[in-house]
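One protein chain, two forms: both are listed below as structure tokens, the first as structure 1 and the second as structure 2.
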Structure 1
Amino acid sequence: MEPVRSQRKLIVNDVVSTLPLYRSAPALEVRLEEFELFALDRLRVLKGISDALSRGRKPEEMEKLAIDLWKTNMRHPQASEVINKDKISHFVLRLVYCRTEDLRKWFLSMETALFRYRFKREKQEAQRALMAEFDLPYKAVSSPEFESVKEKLVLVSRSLGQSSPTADDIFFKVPFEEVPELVAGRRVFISKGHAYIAMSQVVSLVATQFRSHLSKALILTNRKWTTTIAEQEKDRLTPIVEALSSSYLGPDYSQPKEFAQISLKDIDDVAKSSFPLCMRHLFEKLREDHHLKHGGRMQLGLFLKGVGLKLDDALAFWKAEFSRKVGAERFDKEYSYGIRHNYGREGKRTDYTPYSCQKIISSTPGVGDHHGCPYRNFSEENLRAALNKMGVTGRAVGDVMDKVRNRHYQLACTLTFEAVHGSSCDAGINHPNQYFSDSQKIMQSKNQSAA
């Protein structure tokens, strides 16, 4: 990548802020691998924020988490290139998430949240520099005006448990509709249609401006993408952009890590104790019907490979079930090839990886299929019954159903894991094989404690 050294920085009274407002894409030459890798790094930050918000983290926890995620994922070997990576990753993801209303809504919320957390970490002088960059027509309240409303401002501060403002504090008077969250939370004094906001509350005003700008920019980007870019870049950038919004960001579990293998004699017990609902449902249907369609065979088969079922055992496992329905000869002829293929022993000899939660959730099973995500596809009645069968009862079921209604399917699975194992899972469940691995760790720890 050829860096541009003439980057414009935000300067007010010689104060510099390195927090970009992303008004225009940087004039940089970017290699394809950086195009994708930078976007994935930023996506880890945004998805980390999204997961934590969905789990109801407190505001002070969220700010620290967001900054930690940023420091961990948005580093660059060359310190001078950090701001370039920041800008490139934002504009790449703008392409990725401009394409549908749901994608735009998610990206807009997460980028605004990230901007808010980063803005709050800026020094007051840098914050004022950013306000100037937005060209906001608001000046600090004069001393005489401050004195005229001081009594009201003191009452608001006391109601919020904050120290009383003094003449040295900076306040701005803005139209109340530009700080809706402060008004809704009764955190500002309003007079004649204007809200008096303290410097510490300016983040609300600036974040509203940032969100408005980005929302409009996403609409314009969508028009360019659909009318020009997607077709022009169909052999180069388009496949990358279309894949990024559903990218899985964790380990691929192509090979079992902590647990070397599972044996056929233990597989039923392990399925009850450590399989996530999606795999447990497939396993039980296989035992019940002695058959699964292609989607189910792929989803369960690759999962079993990832948890340590060896090829010979996999062939024996599937043959024992399928032969009861189609006969051993037909199994050998029609089905054994697919199992060997998943293990990289046929065809291109690719070492196929187990499906992530995102891939499973995005699948659309048809009539007679049992693959996909139960939290998404089951009726409420069937899901409640399945949860009860796993040992999830009482309030925990209600909590899971709340996440399902809000389409937070991975969080629903996380809550199921926590209810089944009596242990928290702060990282959240992002992969069925992660569920299995974390479950086995807990099971082994309990067995060792009992011994």
Structure 2
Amino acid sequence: MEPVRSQRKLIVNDVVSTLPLYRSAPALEVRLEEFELFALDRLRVLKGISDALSRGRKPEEMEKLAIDLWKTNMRHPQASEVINKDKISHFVLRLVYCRTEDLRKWFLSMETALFRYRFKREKQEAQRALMAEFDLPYKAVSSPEFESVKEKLVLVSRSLGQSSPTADDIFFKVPFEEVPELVAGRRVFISKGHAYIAMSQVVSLVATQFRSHLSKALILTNRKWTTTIAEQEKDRLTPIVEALSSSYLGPDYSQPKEFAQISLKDIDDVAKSSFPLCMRHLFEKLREDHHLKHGGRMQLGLFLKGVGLKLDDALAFWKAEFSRKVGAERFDKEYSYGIRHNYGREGKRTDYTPYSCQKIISSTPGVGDHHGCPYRNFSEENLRAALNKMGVTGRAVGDVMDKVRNRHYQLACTLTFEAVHGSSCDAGINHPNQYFSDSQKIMQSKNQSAA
């Protein structure tokens, strides 16, 4: 990749960035304690980022938070060792997180997020040096070409509420495939398959590269791990790696735990008392319309599975509603497959896990859909009405609305939980099934103390 209209030359060799691309494992000797300690320090950073993201923090806040986490955890008494700690910890965690699809996915998105925040903090020269290291072969936008598309670039900036580009700003022309997130947000001008990206957007291009390299590397590492390393290292590294991987991923709620079951006759009461708004809304709509579209069936269906509704009961439950609208025969033909599928009895036979808040918040319900996060998708009016119906009134409603306006949807849900149950929820709500089980715990202790 070359810069655009440049009287300025690309300075590659003079600038040293402290941000490694982790292309190959460092040839270093590592003490066993450091192997584990470095990895734990990095894990604290990644876990911190993961928590903040799931709480719906804004991008500006995220960057500062990530850099602070990095500075706190990734220090080393010897300045010269900082970069080695960075590399070693990364490669250790690769071993830890290469071993299942879910682990890989988590590690990949957290490492990419971290890379992104760190890249943005680099000086422009260092950023260009990193781009050169990625060996991106893209054409630059020449001065006449810039003039020919300037009007469009101005429109894009204005549509994003940013100041208009000038002749001094640098643009690169890259295939649109390389910058999916900029395309998705309509943050770039695209013409004939090429996206015109500004210098400040290069982070997106580089992060996409970083992600795809790491993704491939993780698969290779997994192969190596299963074929050789795990066996060779079974007395030394393997136990450490196994302990590390289990320490930091929250429960997935795929198997109902303490309150093993709910039965069909209780389901209406339980829905009233212990379902979070997103599920309560779906549940009520289903009772009202005797139908839910696909997104709603998935979100509610998997939640109910996590809550402990057995497959047979689930089939009976859905059938009772749907058959009133589409008839029992059509239900058996068209819908029962999906429910059995959720329980791992059809198709790939995967036992699907209930959706987390993060997944629900990021879903995009369309016409006729009722799934997604109500705090995000409801109009203010509708949300107020829904909260009142749950018994949330007065100041509590205003507090929830404040969180919603600042896009802290999970905090809004947490406040709702606290208002409904009259007790605090310090951990916050991260998962609808967690809302449910926390609620049930409170209900049970109330019942016991009443009895």
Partner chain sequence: MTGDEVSKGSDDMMIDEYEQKQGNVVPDGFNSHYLKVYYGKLFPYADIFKWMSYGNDGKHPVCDQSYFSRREFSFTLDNEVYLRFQSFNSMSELENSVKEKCPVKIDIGPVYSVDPSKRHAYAQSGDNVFTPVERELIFDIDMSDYDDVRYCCSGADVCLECWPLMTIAVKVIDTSLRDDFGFSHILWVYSGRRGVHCWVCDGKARRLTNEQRAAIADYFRVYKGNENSHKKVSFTGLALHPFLARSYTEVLMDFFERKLLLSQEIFSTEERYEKILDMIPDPDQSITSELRGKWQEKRRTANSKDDINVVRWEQLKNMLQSGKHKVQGLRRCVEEIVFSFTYPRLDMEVSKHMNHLLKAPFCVHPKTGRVCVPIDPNRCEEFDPTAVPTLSNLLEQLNIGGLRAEVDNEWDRTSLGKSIRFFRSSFLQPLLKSCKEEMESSYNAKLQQSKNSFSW
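Predicted model only: the values in this text are computed from it and were never measured. Each form is matched to the other, and the largest set of C-alpha atoms that superpose within 1.5 Å is called the rigid core. Start at 1 and count along the sequence of structure 1; that gives the residue numbers used here.
Novice: Which structure would you label as the form predicted alone, 1 or 2?
Specialist: It is the first structure that is the form predicted alone.
Novice: After superposing the rigid core, is the C-alpha displacement of residue 417 2 Å or more between structures 1 and 2?
Specialist: Superposed on the core, residue 417 moves its C-alpha 2 Å or more between structures 1 and 2.
Novice: Taking 2 Å as the cut-off, check whether the CA of residue 165 shifts that much or more between structures 1 and 2 after a rigid core fit.
Specialist: Residue 165: C-alpha displaced by less than 2 Å between structures 1 and 2.
Novice: At a 2 Å cut-off on C-alpha positions, does residue 145 qualify as shifted between structures 1 and 2 after fitting the rigid core?
Specialist: No: residue 145 shifts by under 2 Å between structures 1 and 2.
Novice: Rigid-core fit: what Cα movement does residue 382 have between structures 1 and 2, in Å to one decimal?
Specialist: Here the C-alpha difference is 26.3 Å.
Novice: Let me know the CA shift of residue 428 between structures 1 and 2 in Å, rounded to one decimal, core fitted.
Specialist: Its C-alpha shift, to one decimal, is 6.2 Å.
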